[in-house]
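Just one chain follows, in the form predicted on its own, and it is written as structure tokens.
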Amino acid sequence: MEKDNLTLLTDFYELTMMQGYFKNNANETVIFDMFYRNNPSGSGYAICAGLEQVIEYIKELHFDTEDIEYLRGLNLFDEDFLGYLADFRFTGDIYAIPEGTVVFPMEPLVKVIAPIMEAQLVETAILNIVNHQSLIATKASRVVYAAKGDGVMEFGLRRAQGPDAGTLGARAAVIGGCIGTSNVLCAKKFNVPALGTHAHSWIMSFEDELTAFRKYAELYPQNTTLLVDTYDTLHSGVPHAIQVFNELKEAGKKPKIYGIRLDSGDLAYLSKKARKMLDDAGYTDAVIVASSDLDEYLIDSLKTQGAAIRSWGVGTNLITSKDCPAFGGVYKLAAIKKGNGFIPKIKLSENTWKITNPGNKTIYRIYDKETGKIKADLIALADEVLSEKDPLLLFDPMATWKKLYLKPDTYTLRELLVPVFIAGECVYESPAVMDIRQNCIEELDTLWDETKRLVNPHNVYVDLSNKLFQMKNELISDMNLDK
């Protein structure tokens, strides 16, 4: 993952189309939008992630000698085209929504403006990177929301679909709100906290549980969290943990951070019983950590049941987004440059929600001035200028009678897309992951509570400007007339 050349991380048809454009001398500048149609996991929002890896991919984009030889061996690509690939570099523009931003369906997360051969080639990798990390970041934000302020640790590496998914998934999970990860490579690479305790095998490798606890506490006297469910949680594990805590206190070595971890059984029942035992022994500040196939729904249920757990290790269901394993982002042609302007393009479908939004676009986020909460997002044409000093009429593009009138100075605007590459040169510096995480926390605070709830959330409206709406409908009408 250290600056890999991922140029061949593409679908084969991207290359065959590129040769087709090359042979037909068709390399017009175009606009492609990367967006998604439905929030994952039944959420009311998604979290955008993966931009740093997109930047690394674009910077390293080139066909090396081995790539050219491989393609030559397929006997499908002509020498003049292979010669073009040998000198290939990305020369276009890319605009994107910064990582950690709350996003909604249909709005472009990434906009590529480039010669069509370049724009076509980068499709697959952009989708792969942004789809994966946005999925995991969104899932993590839901898990963190369910934990209601408790720390959530990402514990999923051994269940992830490979090293890259485990490491970049952990990165995305931290962006979504996790306090750290068990994945040491991720912690090193992205400077995030490395977290963890010990396994059951540590306990089982000693003659008895108490000795295992003592040895662990000797090694880590300032951070002693003991796994108490190897043999018998309430009759062995917790009493032995308390005994070790007593010994540390008597020796003047009471840990700065200490507690127990539960990894099996009825977590609500066991945590409440363990909490009473710890409190009765004078360890009211001992933290109870839980793991064991957790997700946002189980954590929410355990909180409702009054579980005494204050830290959560979440693995499989987070790193794989088990209930919704794909983000569903797509990459669609929106415009082709002719002369000094762009000719809008639209994809029609019998499914109305699959009809694309044409043209060169931008996104405005509209906030309620008094509360700072999101009122709606507005997709507009890039040359439209909006002012908070003017009234703004919003309407649902599918149900146009649903309207919202905003008076001047009652709302604020923020344009979401920022320049990342201009003429092939990177003009954007990715923040540190922990800074993106903080930005995500602040972004989530702009959502109304009704949008953050886990089940049947309120959907934030993504509207079209009147100018874009009219353009879209004119294109649809013209294409229908052509039939």
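Because the structure is a prediction, the values reported are computed rather than measured. Start at 1 with the first residue shown and count on from there.
There is also a form predicted together with another copy of the chain; it is not shown, and the following applies to it.
For the three residues 12, 71 and 219, a heavy atom within 4.5 Å of another copy of the chain turns up in the model of the complex in every case.
Among residues of the shown chain, residue 16 is one whose heavy atoms approach another copy of the chain to within 4.5 Å in the model of the complex. Though the partner is left out of this view, residue 360 does not reach within 4.5 Å of another copy of the chain in the model of the complex, counting heavy atoms only. Using a 4.5 Å cutoff between non-hydrogen atoms, residue 32 counts as a contact of another copy of the chain in the model of the complex. Although the partner is absent here, residue 467 lies well away from another copy of the chain in the model of the complex, with no heavy atom inside 4.5 Å. A single residue from the set 174, 94, 143, 135 has any heavy atom within 4.5 angstroms of another copy of the chain in the model of the complex; that residue is 135. The listed set 106, 287, 127, 179 contains one residue whose heavy atoms approach another copy of the chain in the model of the complex to within 4.5 Å, identified as 127.
Stretch 154 to 162 is the answer when you ask which of 278 to 286, 373 to 381, 154 to 162, 406 to 414 has residues with heavy atoms within 4.5 Å of another copy of the chain in the model of the complex.
Contacts with another copy of the chain in the model of the complex, taken as any heavy atom within 4.5 Å, map within 20 to 38 to 20, 21, 23, 24, 32.
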